[in-house]
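One chain comes next, on its own, written as structure tokens: the form predicted on its own.
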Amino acid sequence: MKQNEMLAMILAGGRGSRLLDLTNKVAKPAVSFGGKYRIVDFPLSNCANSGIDIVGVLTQYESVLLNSYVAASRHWGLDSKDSGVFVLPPREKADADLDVYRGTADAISQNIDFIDNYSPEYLLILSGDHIYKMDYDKMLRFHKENKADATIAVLPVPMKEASRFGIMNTNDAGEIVEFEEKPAQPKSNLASMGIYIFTWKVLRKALLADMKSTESHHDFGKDIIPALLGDGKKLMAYRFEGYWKDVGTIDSLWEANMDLLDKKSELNLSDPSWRIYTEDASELPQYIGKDAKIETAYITQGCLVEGEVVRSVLFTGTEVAAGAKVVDTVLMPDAQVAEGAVVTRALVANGVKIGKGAVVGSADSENILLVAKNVKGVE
């Protein structure tokens, strides 16, 4: 890939409301994941590993932590004089008081001048809230080989779940002939991953037309992609093979973390050939007490374990006291489980303390319990 041939824009402004209290004060892409990472590390690392030099991160809700985090581009090896990560908050007011991006397409439209400054031939647009590893340069080669105006990454999902996604209907050549946004009766199971490559001149023209429309949602799925299909543009479906997870709910975030326990999982965070970069944590090594019991666990640096941990993921700085038991649980940074407490099928938020002798969660629960506030112990 030639320098600045393709520029990346990461859509990182969503509310993340389905993650409940985890996103009350923190943007969804800044939520912790996998022991020591944040969700946004994945698309940023993919960009660095794919040879992309310029990345714009479009932020909006509860963005203070996210803005400061992504601005430190040295985390992802994008800090040379010709590369970098740029924070791009909204610049247009939707009403008298609020600066917002009105939709995914509007987020790009408001930053046309930023993109034009680098004169890219292609634009890569990414969601900032998915866990996956992907070589975008391979997708770009597919886009160029097919002389496409737009290429959308897709992966097959179970047919019974297809109505939850944007679905691509294709012909035998892999050309997209119809796009359906969360159809009640889906015709195929090829779901959009929210990863797009556009030939910039084509997209720029479509965005300018969309900006003038008073009836538009200013959204890629609802407006831009249907408009390009209506104009006879060539849209290709790029079939992704590998691990991908939309961590938009407490259950899915728990599941993605628990996937780290599976040795056969394609989500290998220690793969030297495709590093996931993150902020360096200056923590002591993990400490496992002589009486601790560990069975299938992912334990990060800075953890202190003196109790029992079974099929669980422990983030940086977590503590499991003597006599405590943690089962099928994700403990996020600095969470503490006191002596004699039992935690089962739960996701415990950053810094939360489970008191002495408390019982939290149940092995029989259908959904994962989010513990976002301190739990008082037994008196």
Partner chain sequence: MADAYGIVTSSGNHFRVEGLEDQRPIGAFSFLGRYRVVDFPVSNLSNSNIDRIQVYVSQNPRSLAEHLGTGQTYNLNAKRGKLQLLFNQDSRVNEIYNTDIAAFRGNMSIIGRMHQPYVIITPGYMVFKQDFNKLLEDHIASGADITLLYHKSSNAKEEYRGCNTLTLNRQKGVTAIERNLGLANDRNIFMDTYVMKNELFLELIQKAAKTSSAYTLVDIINAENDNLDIRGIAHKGYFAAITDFKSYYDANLELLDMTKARELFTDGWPFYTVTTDSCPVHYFEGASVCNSMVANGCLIEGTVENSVIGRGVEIRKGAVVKNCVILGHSIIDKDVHLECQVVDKWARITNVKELIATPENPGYVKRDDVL
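Residue numbers count along the first chain shown, from 1. Remember, it's a predicted structure, so these values are computed and weren't measured experimentally.
As for the form predicted in complex with its partner chain, it is not shown, yet the points below apply to it.
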Could you spot which one of K234, R275, K245, H217 gets a heavy atom to within 4.5 Å of its partner chain in the predicted complex? R275
V202, L261, M211, L229 - the one with a heavy atom within 4.5 Å of its partner chain in the predicted complex: L261
Close approach of E283 to its partner chain in the predicted complex, 4.5 Å, heavy atom: yes
For G35, is any heavy atom within 4.5 Å of its partner chain in the predicted complex, or not? yes
Taking heavy atoms and a 4.5 Å cut-off, does A292 contact its partner chain in the predicted complex? yes
Using 4.5 Å between non-hydrogen atoms, is I288 touching its partner chain in the predicted complex? yes
Interface stretch in the predicted complex with its partner chain - options 253-261, 191-199, 161-169, 129-137, non-hydrogen atom within 4.5 Å: 253-261
